[in-house]
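Only one chain comes next, encoded as structure tokens, the form predicted alone.
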């Protein structure tokens, strides 16, 4: 269940010191949290709302929902993309006001698809694939902590994710089945995008931010196998879509800098 703490106040301007919190970028953050954090950053940039990214080893425990990322705006704290979208809308900033009811329902359906397929696949690969869990997920997740707390927290997280996978029917899946789910999700996204610059023509919505966050992170993150990224690279229009958003919202053309890899 999403948890957010805020009092919508449309009259309040967006503060310059708004902060987004995520785990440590170099040593700790994992694929799924990278993707979710980048999606929120992309959304806020698309809205023209400045935010400072702050990395904390205990960001997960600071979050009101226990999920990453969360933003601190004034005296209000909001976690996860959906509630953050509602929060900014209450302040008069929205990317989807131009959509009609049918388009808005379609957008929400595709966002559910991304969360149910891509996010779940990321969590599965991180914690249910033994090689990835042993070589990447457990060492990174536990890196800020000393022994024995590091082992306790890592195995506790792995147990929680595996229990979730069993609850939603993913516990018995093979890696190949998960990769195929990702391919089917990307096929649906590719067909919806077509030759348009964004999913709903010329202007981005929160769906574009969400898809970008996950796809860009997957194709730039090192895992024990490159198969997950390869499934995405088979869709040229999705790659062009990621590059377009990177160029438009993350590159500083005056300094010739690009969005850096998270992992």
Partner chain sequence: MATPDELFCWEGDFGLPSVSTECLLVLAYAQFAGAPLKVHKISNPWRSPSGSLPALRTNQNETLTRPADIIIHLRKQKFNADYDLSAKEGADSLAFISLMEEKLVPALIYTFWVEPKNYVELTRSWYSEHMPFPLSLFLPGRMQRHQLDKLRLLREDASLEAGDELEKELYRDAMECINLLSQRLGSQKFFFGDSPSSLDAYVFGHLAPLLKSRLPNAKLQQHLKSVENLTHFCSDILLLYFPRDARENSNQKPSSAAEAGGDGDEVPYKRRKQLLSALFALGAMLSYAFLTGIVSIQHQQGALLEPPHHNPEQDEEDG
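Residue numbers count along the first chain shown, from 1. Please read these numbers as outputs of a predicted model, since none were measured by experiment.
Beyond the structure shown, there is the form predicted in complex with its partner chain, which is absent from this document and is the topic of what follows.
Asks: With its partner chain left out of view, choose which of 117, 71, 136, 85 has a non-hydrogen atom within 4.5 angstroms of it in the predicted bound form.
Replies: Comparing distances to its partner chain in the predicted bound form, the residue within 4.5 Å is 117.
Asks: Considering 92, 98, 148, 169, which brings a non-hydrogen atom within 4.5 Å of its partner chain in the predicted bound form?
Replies: It is 169 that has a heavy atom within 4.5 Å of the partner.
Asks: Since only the chain is shown here, I'm wondering whether residue 129 would be in contact with its partner chain in the predicted bound form (any heavy atom pair within 4.5 Å).
Replies: Although its partner chain is absent here, residue 129 would stay clear of it in the predicted bound form, with no heavy atoms inside 4.5 Å.
Asks: In the predicted bound form, does residue 67 have a heavy atom within 4.5 Å of its partner chain?
Replies: Taking the distances in the predicted bound form, the answer for residue 67 is yes, it comes within 4.5 Å of its partner chain.
Asks: Quick check on residue 153: any heavy atom within 4.5 Å of its partner chain in the predicted bound form?
Replies: No, residue 153 sits far enough from its partner chain in the predicted bound form that none of its heavy atoms falls within 4.5 Å.
Asks: Heavy atoms within 4.5 Å of its partner chain in the predicted bound form: does residue 176 have any?
Replies: No, residue 176 sits far enough from its partner chain in the predicted bound form that none of its heavy atoms falls within 4.5 Å.
Asks: Hey, which residues along 36 to 61 are within 4.5 angstroms of its partner chain in the predicted bound form, non-hydrogen atoms only?
Replies: Result: empty, none.
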